[in-house]
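Quick heads-up: it's one chain on its own, the form predicted alone, in structure tokens.
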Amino acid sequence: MITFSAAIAWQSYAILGRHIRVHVRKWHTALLPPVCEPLIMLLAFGVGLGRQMSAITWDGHALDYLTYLAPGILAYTVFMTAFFQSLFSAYVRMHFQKSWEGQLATQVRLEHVVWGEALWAASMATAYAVMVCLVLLGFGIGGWLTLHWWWMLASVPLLFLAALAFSTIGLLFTATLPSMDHMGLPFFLVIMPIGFASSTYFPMPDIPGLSTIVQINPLHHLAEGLRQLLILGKPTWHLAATALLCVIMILVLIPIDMRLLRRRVFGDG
């Protein structure tokens, strides 16, 4: 119970505040990725590749590729940002910058540090998602996209929950990877399989074994839920499935992360 009660402790939010203050100092460079990446993806794939393709049939509707891709980019941004922040950035703070050691010398305990990292990764991913929404809105103003824009604001709490769940996967690798040389493994073992089996960039083929894997992939349900929400303007069961899977991930992985990180940081079980 202490593991989860630390999520609302002031120490955890002190850690989150520390990360925010550090990030604000470099806002002018940190602003480029969430703006440039979706812009490049939408122009290169949505506009460039989309013009070479016929309409995509999705859920009985014929869509241009740019419209199909836009919600997928939003979902993938949340996934990728949360994973990267809780893996690479957290690992650097733990192993190289020794930030964790300094924090643990105060009134902060390891549970607060871990929750601070998870909350930071989720906050960062949500902020990036908002930036993607602004980019998509720019495409809408330009007449290239037609979406139910007000639903974007309503989806923000779910995006935060999903990011928090994805951050627990990154922290799992932060606790287990022996060195920076092994940072490529999670991207091949987790990022690419989850990303390509999620309907973010293209509809998934109806293959029996693959269909089963896709149904337990929270990123797939997030992408499809956002697609139904932004394109058709209606909430569907995919959103509930996303929330359920994300809550399960948090409940299962946070205690495991705590145990593994305690063993790594303090050398005990």
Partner chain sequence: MNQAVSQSAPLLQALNLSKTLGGKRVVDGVDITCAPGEVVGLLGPNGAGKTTSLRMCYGFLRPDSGSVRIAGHDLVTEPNAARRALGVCTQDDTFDADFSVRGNLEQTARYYRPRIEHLNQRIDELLQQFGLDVYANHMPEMLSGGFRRRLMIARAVLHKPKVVFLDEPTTGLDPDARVAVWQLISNLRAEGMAVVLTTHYMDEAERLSDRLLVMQAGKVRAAGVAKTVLGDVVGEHVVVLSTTDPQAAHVTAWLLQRQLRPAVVLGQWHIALNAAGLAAFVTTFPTLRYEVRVPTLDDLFLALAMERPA
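Quick caveat: nothing in here was measured; it's all calculated off a predicted structure. Residue numbers count along the first chain shown, from 1.
One more form of this protein exists, namely the form predicted in complex with the partner chain; it is left out here, but the text below deals with it.
Here is the short version: of 260, 247, 14, 253, the single residue with a heavy atom within 4.5 Å of the partner chain in the predicted complex is 14.
Comment: the partner chain is not present in this chain, but in the predicted complex one of 147, 108, 161, 119 has a heavy atom within 4.5 Å of it, namely 108. Residue contact check for residue 182: none of its heavy atoms lie within 4.5 Å of the partner chain in the predicted complex.
Contact annotation for residue 7: none of its heavy atoms lies within 4.5 Å of the partner chain in the predicted complex. Under a 4.5 angstroms non-hydrogen atom cutoff, the partner chain in the predicted complex has residue 103 among its neighbouring residues. Although the partner is absent here, residue 22 sits close enough that one of its heavy atoms falls within 4.5 Å of the partner chain in the predicted complex. Of the candidate stretches 195-203, 161-169, 128-136, 94-102, only 94-102 contains residues with a heavy atom within 4.5 Å of the partner chain in the predicted complex.
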